[in-house]
Each structure stands twice: as C-alpha cells, then as structure tokens.
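Listed next as structure tokens is one chain, alone, in the form predicted on its own.
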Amino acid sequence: MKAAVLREFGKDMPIEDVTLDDPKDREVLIRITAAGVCHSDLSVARGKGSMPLPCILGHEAAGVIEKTGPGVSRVKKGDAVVLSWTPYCGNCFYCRAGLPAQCEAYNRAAGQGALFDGTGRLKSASGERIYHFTCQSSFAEYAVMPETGVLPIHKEIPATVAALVGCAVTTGYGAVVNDAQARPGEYLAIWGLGGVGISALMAARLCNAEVIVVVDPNPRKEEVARRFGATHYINPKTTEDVPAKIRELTQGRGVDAAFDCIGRQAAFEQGYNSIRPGGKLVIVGQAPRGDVFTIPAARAFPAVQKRILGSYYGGGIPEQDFLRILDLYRIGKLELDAMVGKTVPLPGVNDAFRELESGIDTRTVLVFN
C-alpha cells in the first residue's frame, strides 16, 4: 500500500510503498476512505511528541472493513466504520470504571508505537519496522487495528464527515456535553476555533447556551464563529483585558464554563479568570512540553469553588458519543458538512500540514479512491 511515512521531525513525509501484515486475533483490516489532518498529527510531525521513528501518523479516519482476524465479532467485511484513536481492552481497571479512553492496554501499546500484543504490522519495502500511531496510522491506504477501534455506521454517512467524528467533533462536543454538562441558558466561552473549537461551539449552541463567546486571535475567525452560533467574538490581540470583557458580557459574573481548546498559558489564565465562582474551566488543548500553569492559591481555592477539568476525547465513552453525534447529524442538528474544507489525495498531506500551521478555517481531509 501507499503511506505517508514520518522519518524526520520537521521534514516532509515521503509517500512510500509499505507492507501491512494481516490482522491477528481480534484485529481488523480497514481500507481507509477518508482521514482528517489534525493538529495532533502536526504536533508530532514537528517534534512535539515522543513517537519512535519511522512512523505513520493519522488518527481521525473512516473506512471499510476488508478483513477480520480470529475472534472478531463487532464488525464484518464490507461494513462502513468510523475509527477511534483509543481502542480498548475491556478488562483493565479503567475500562471497567467506564473510562475506556484511559485503557491500560491501549496506552501501553500507543507508547510503544505498537498494537495490543506489543508488535507491529507495518514494514517498509526493505523490511524495516514502521511504528503505529495511536494503534491506527490512517495516513495510509489501509490500517490494521484492534476491533474495539472501529464502529459500524450507516453507509449514507459521508466518509469525510465520519472521519471528523473520529476525533475533532467528539473531542469538542464531549467537552461541552460530558465534561461541562452545559445546560440551557448558561454562559460559555471557547478559546481557539480550530476543528475542536468549532465542534465545542456547535455543541454549545445545541445545548441552548444564552451567551457563547469565542476568543481567537485570528480576525478571520469572527465570521466562522458567528456562522456556527457564537453570540460574541473577542480578539485577544486587540482586547486589553479579556476576562473583564467577558464579565461585561455576562452581567458582571463571568461564564459558567470556559473551554481551552488550544492548550496555551494565556488561554488557561484568561479562561480561569473568566469563569464565575463555582464555574468550570475545561482544558481540551494539549499544552507544549514544559509549560506550567499557575494560579495564586490564596484567592483560588477553596473560597471561589472554581473547578478545573481535564477533557480527553470528549470525556465520555467515544463509541457512544459517535452514535449520538451521527444521529444528531442525520436529523440536521449538527452541521458537520460545513467543517469539511479542502479534500486532497494522500500526497497532499504535507501541504495540508503547512496550511494548518497558517490557521486554516476548516478541516482538510485526505480522501482515497
């Protein structure tokens, strides 16, 4: 098969001929039909992670089941599926506790660039091992992964939409619905309007929030914010005191929940200072290594009762959220088609990364014949 192989951090990924072994016990072979180009992939490609090289990135995808290994019962050949980047074992402490995204087997395998048995299925044309990314590696024509990493969907769901549900949409939607448990009439604020931020914004509108503030330094994002339901937009580069402006928009109280969708110190501090007493700061974005967020303890805890929540893959059970989100899409409650921007073939992935760095407004999706 053809795949984009990351061989050097900060360099373009060559498109190579790669060998993919057959699925083993409780694994499936998927023909990839669409794969979103996400900031998490970009961060790894630019050396901000700890992945072994060479590896194949890609963790936001949809496809069709081509083959099943022994013991597979969830899917069959020909099923259209959305891929999850946190397949789970179902037996560890976290799986039993209802936190499958924290699965011990998954986290061990992902840290090794392997699948659950500690081995890989990917090799270069010369036989060199190529490492897996999030047990998925969907910047390729095919992928092998644990069967718990795929969920059957209706074939009429566009592959481009299904791919985004596999990461950005579920992450942003779940932060609002599962972690913040937003309710009608609440005041909400969102920092960063990429794919995750747009998804959080759509969820906030779906929850009938009264005030939805978007904070983003890119002036082009104001139009995007209002298109997807924001009531107010703030550019932090031209606003001297963002928390004060947010309190002005919320009867002097501050917001019920703030969402950091970019993982930056400024967003964390502004978000914390923008929530009312008893409010929630939900951290969705991945901060760069070495960043430290500080809060003056004397005025922060416990008197104001503010809560800081880490949100990972939407804070729920991903496959349940997949089904809920796709049902909302099918009945017209979530405008996921509008999130899909340019569609390009696999060789366009490096240019897609550069456009992502420049602040593109929509999601670029790789499509496969």
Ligand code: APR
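Predicted, not measured: the structure shown is a model, and the values here were computed from it. The first residue of the shown sequence is 1; numbering continues from there.
In what follows, reference is made to the form predicted together with this ligand, a form of this protein that is not presented.
Partner proximity in the predicted complex, defined as non-hydrogen atoms within 4.5 angstroms of this ligand, places exactly one of 254-262, 201-209, 141-149, 107-115 at the interface: 254-262. Taking a 4.5 Å heavy atom cutoff to this ligand in the predicted complex, the contact residue among L122, A162, V196, V213 is V196. For the residues P217, G229, P158, G278, the 4.5 Å heavy atom test against this ligand in the predicted complex is passed only by P217.
In the predicted complex, this ligand sits within 4.5 Å of a heavy atom belonging to Q286. Not displayed here, this ligand is approached by K221 to within 4.5 Å at the level of heavy atoms in the predicted complex. When contacts are judged by a 4.5 Å heavy atom cut-off, Y173 does not count as touching this ligand in the predicted complex. By the criterion of a heavy atom within 4.5 Å, W191 is counted among the residues contacting this ligand in the predicted complex. Heavy atoms closer than or equal to 4.5 Å to this ligand in the predicted complex belong, across 24-43, to the residues C38, H39, S40, ordered by sequence position.
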